[in-house]
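Okay, here we've got a single chain as structure tokens, the form predicted alone, with questions on binding and movement later.
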Amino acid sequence: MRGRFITFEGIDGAGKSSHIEPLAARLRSAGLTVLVTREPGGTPLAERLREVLLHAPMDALTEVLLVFAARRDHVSQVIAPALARGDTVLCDRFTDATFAYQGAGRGFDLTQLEALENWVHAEVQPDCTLWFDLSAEQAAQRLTGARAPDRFEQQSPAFFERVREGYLARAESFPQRFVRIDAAADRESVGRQVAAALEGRI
């Protein structure tokens, strides 16, 4: 029986990453086998590509191709085998992030992104996407002083507003799998939203 694929999405600073491990712990306590992974990353090759993506200057096309190269290795080596075993996969970002960051943020052609998506992983799509929605201004306040910003975190508020709009467009296109999480709420409230979103889905 195929496992469940749950993705966590949102702009930098939305707080999605801090809720993955607590959710994984709850699901494991319920008897599920859970794999926690991330994008870009998840395999030795994809992690090396992640470092390049986060820190080396490049144009939008190079960025997109590297993202999908990392994703292909991740899907084929980790995600697809885990789902085939019946595991529950929790992934910090997936292809919706590419449509939001490279598509809406960078202005990359969405039709080309759709073609790459179908080519790279048509057979693997999320069952549920938790979108941690937060304004660019609030996200920037949370990130201030948290760590040295990478190439994406250094982008302007206008860039992150475009990314947020990109996520909104994806949510409107896929309403059955997207669940909006009010990431401006306190941590406990966000945790309750996550639990409620997955009630009946896992």
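Numbers for residues come from their place in the sequence shown, where the first is 1. Model, not experiment: these values are computed from the prediction.
The following text describes the form predicted together with ligand TMP, which does not appear among the structures shown.
For the three residues 12, 71 and 152, a heavy atom within 4.5 Å of ligand TMP turns up in the predicted bound form in every case. Of the residues 92, 87, 117, 127, just one reaches ligand TMP in the predicted bound form with a heavy atom at 4.5 Å or closer; this is 92. Heavy atoms within 4.5 Å of ligand TMP in the predicted bound form map, among the stretches 171-179, 36-44, 22-30, 133-141, onto 36-44 alone.
Contact check for residue 58: every heavy atom lies farther than 4.5 Å from ligand TMP in the predicted bound form.
Interface membership of residue 50, defined by any non-hydrogen atom within 4.5 Å of ligand TMP in the predicted bound form, is confirmed. Using a 4.5 angstroms threshold between heavy atoms, residue 54 counts as touching ligand TMP in the predicted bound form. The closest heavy atom approach of residue 79 to ligand TMP in the predicted bound form falls outside 4.5 Å. Shown without its partner, the chain has 98, 101, 102 in segment 98-137 as residues with a non-hydrogen atom within 4.5 angstroms of ligand TMP in the predicted bound form.
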